[in-house]
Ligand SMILES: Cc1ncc(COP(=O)(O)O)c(C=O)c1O
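Taking the form predicted on its own, here's one chain by itself in structure tokens.
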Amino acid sequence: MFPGRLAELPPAMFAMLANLLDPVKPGATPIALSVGDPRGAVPDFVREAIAKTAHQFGEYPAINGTQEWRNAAGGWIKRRFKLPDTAFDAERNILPLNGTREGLFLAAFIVTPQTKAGQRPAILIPNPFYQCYAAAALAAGAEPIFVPARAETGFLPDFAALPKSVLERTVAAYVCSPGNPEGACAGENYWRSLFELADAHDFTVFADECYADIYFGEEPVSALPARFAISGNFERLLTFHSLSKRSCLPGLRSGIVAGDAKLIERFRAFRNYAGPQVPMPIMAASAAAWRDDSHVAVNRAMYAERMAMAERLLGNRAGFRKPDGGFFLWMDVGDGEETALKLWRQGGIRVLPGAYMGRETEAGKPQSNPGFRYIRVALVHELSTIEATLGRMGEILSEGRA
């Protein structure tokens, strides 16, 4: 179905950004704060694990990972989310992924039938959103339903407000917490309400929790323990985690899907046809990363320092709001595209207009896009670069609107 639905895909956001900025000469040496590309030193134990197992690039790996990987990743799940040993089985509740994008895309295929309630199935997507979600829904033959995540809803989508006619044909709902781009975290009440909705209308929750280990106060409430507290199992839940953000290892392309054992079994069967296995040395390095929490604490402290710097330099400007988690600023500047162009033209600062991650809720009305007023700023560079760039940004924003 995908080729016929291609026109429904949202434009690629970085292609849109290139069209906006590239024809314009930057006002200073360019610096990109537009891409969430985590920067950090590769831990020695990751290098060592890859070097020690490099000969295994000559072997086909198992689709469900090595025993070492399952023990390490499953151990992290139980340790991080404080699950009872009997609640989570690393043989039945988890699979390795070539990065979470692979899992977030393929998951839609295993839950989407030809019809539900006699109609085209629907997949619920927060708006603004990670563009993979929409591509997955369309590829699987579902209709993406974009649900606004605005300040008045705590920057989380209010799925319960949807008409019953939509919920009856819903097969899945994507939730990102801590959120990209807004940095909002779903609390216990939010998760409870969402799972009650999923149970009532028989759909699966896809919890994108790639930023779960980057937070600035208490640990965010996560989907696995929230679901387990309600039902004593992980029914109707798949959650996704990544070493890209947790360990600053985006190039490793290594992630996890965990949750409902029946869905994991279906996922495993589907990946046998459609998903490439994770190479053995990558699994060895991943296992080492999932076993170690100390480097994660260092990374979290690094992001906290960057966020504190941003608060000091921008805290009284442009609708600055400190996020609950993640490494993005989601700044209300009135007109995100106009401001992004101004920052580039005057300061060589490349940020992403929030509208490029969203969809209009009323056709032909750009301001109805929940991201229209915002820019997304990625705090992924070293502290000195962030300090210099945000200082320049603050000066430009203080000059008033373009």
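Only a predicted model underlies this, so the values are computations on that prediction, with no experimental measurement involved. Residue indices: 1-based, along the sequence shown.
The same protein also has a form predicted together with the named molecule, omitted here; what follows describes it.
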(request) Spot the stretch among 98 to 106, 260 to 268, 280 to 288, 216 to 224 with residues whose non-hydrogen atoms come within 4.5 Å of the named molecule in the model of the complex. (result) 98 to 106
(message) I need to confirm a contact call. Of Leu194, Cys176, Ala172, Ala137, which residue comes within 4.5 Å of the named molecule in the model of the complex, counting heavy atoms only?
(response) Cys176
(request) Would you kindly say which of His295, Arg253, Arg236, Arg80 lies with a heavy atom within 4.5 Å of the named molecule in the model of the complex? (result) Arg253
(message) Taking the named molecule as it sits in the model of the complex, is Trp330 in contact with it (heavy atom to heavy atom, 4.5 Å or less)?
(response) no
(message) Would you classify Phe159 as touching the named molecule in the model of the complex, given a 4.5 Å non-hydrogen atom cut-off?
(response) no
(message) Can you work out whether Ser244 and the named molecule are in contact in the model of the complex, taking contact to mean some heavy atom pair no more than 4.5 Å apart?
(response) yes
(request) Considering only heavy atoms, tell me if Ile123 and the named molecule come within 4.5 Å of each other in the model of the complex. (result) no
(message) At 4.5 Å, heavy atom to heavy atom, what parts of 206 to 233 sit next to the named molecule in the model of the complex? List them in sequence order, or say none.
(response) Asp208, Cys210, Tyr211
